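In the form predicted alone, a lone chain appears below as structure tokens.
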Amino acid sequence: MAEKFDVIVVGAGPSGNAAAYTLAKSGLKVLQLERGEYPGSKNVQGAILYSDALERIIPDFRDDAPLERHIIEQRMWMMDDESYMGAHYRSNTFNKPPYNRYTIIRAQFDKWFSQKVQEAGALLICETTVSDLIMDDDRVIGVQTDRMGGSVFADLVILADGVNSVLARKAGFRPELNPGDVALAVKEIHFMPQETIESRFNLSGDAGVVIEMVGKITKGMMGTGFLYTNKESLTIGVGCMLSDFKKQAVSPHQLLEDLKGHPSVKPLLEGGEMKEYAAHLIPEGGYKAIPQIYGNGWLVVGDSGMFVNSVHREGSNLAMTTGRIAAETVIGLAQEGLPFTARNLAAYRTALDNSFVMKDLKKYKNLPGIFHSNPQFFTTYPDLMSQAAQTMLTVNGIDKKSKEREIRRSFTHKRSLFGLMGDAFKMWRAFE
């Protein structure tokens, strides 16, 4: 007879590890299945870690987690072809422990997190593909794997298998991915001496900088660029909606090459050696794209549930939080001796609705649609802002009043007064 577990967690990324760790710590019998050679083997890229989400799961994670740099400065750039307008926020408060955000290398971090999961008591089996969910009528009772005798049974299955979530789609729990709800991001890691990074970004010790970029670098497509400082490397990348890539002639690789060649970015990468490249899908459809996330014998967490806040570039914290809350829901039901029915597991959705996860996603629920249908936010406005700054900062004998009139004329010529008012109203409605 096949072995049975209390819970099977499919996937060993941040959401799957958060769920498996929390469940195992409570004493439940947990099996975690990962298709990679080891957790993190499919991830080479750098990323941002939000400490609050992890601290709620592993309070002392800073003692041995593979962290790169704690972030003390956030830069926001609006870019045209030759320049950028930016805002920086740098605070010495962020340079005092306990630190709020870190850069990490996912391959190292996921491996560390997985080791914590195993130490908590979960059984991890890697290089295992889950091909199907095993159903009893409308209830999930286990998974079918590609191993010999690959049927494994459990009282509950948690799907943490990523944005594609093949299992949920095959089972009919969610529809096929909408290209307008998913971004394709490409990243590179450029290695250089630690001293070079610290000199170039005005840093010392393990302090770091994050740069988020919007504007013409995405060639009218809805998307962003980013640059993170690691200890001895820089992570540079750009991502746009899959639906936009289908319409454009430019490839993701060429988009990244153009970003690296931008006059404001190229000097930051100078002398670096590119050693790692990765491309992956990111769920960015927001609140309206969230599928059904619970049912009889199953829950969905992390990217599988489309839990990414694209406005604030937050993903790992939503992944770990949804994994933790899913596990806490299961633990609570198990302690009360209640079955894992859809009616009882609805407590997971209720808990998420009361958390920052759903509150933040709901706040920006209209923004993806606005950006999809208004490419001027990524093309016209960066040009206008750059032109306005250049006009005011160029000292050429023309009085400032005349320059202000010239700037107003350029805005109304490109967008018209009605267009400017309409764009302002759209953004106000999106953020209210």
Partner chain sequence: MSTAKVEEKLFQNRYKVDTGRPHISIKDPEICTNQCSSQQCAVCCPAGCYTQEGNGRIVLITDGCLECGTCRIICDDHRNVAWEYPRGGYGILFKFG
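Fair warning: this is a prediction, and the values are worked out from it, not measured in the lab. Residue numbers count along the first chain shown, from 1.
One more form of this protein exists, namely the form predicted together with the partner chain; it is left out here, but the text below deals with it.
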Check your understanding: Quick one: does residue 77 come within 4.5 Å of the partner chain in the model of the complex, counting heavy atoms only?
Key -> no
Check your understanding: residue 349: heavy atom within 4.5 Å of the partner chain in the model of the complex?
Key -> no
Exercise for review: Would you please decide whether residue 50 lies within 4.5 angstroms of the partner chain in the model of the complex, comparing each non-hydrogen atom pair?
Suggested key: no
Practice item. Considering only heavy atoms, tell me if residue 364 and the partner chain come within 4.5 Å of each other in the model of the complex. Key: no
**Study point:** Three-residue site 146, 186 and 251 fully in contact with the partner chain in the model of the complex at 4.5 Å by heavy atom
**Key:** yes
Review point. 85, 274, 135, 125: which sits within 4.5 Å of the partner chain in the model of the complex by any heavy atom?
Key: 274
Study note, to complete from the structure: the partner chain in the model of the complex has a heavy atom of only one listed residue within 4.5 Å, and of 91, 335, 178, 354 that residue is 178
Review point. What stretch, of 275-283, 303-311, 327-335, 150-158, brings heavy atoms to within 4.5 Å of the partner chain in the model of the complex?
Key: 275-283
Exercise for review: Taking the partner chain as it sits in the model of the complex, which residues of 81-106 have a non-hydrogen atom within 4.5 Å of it? Please list them.
Suggested key: 105, 106
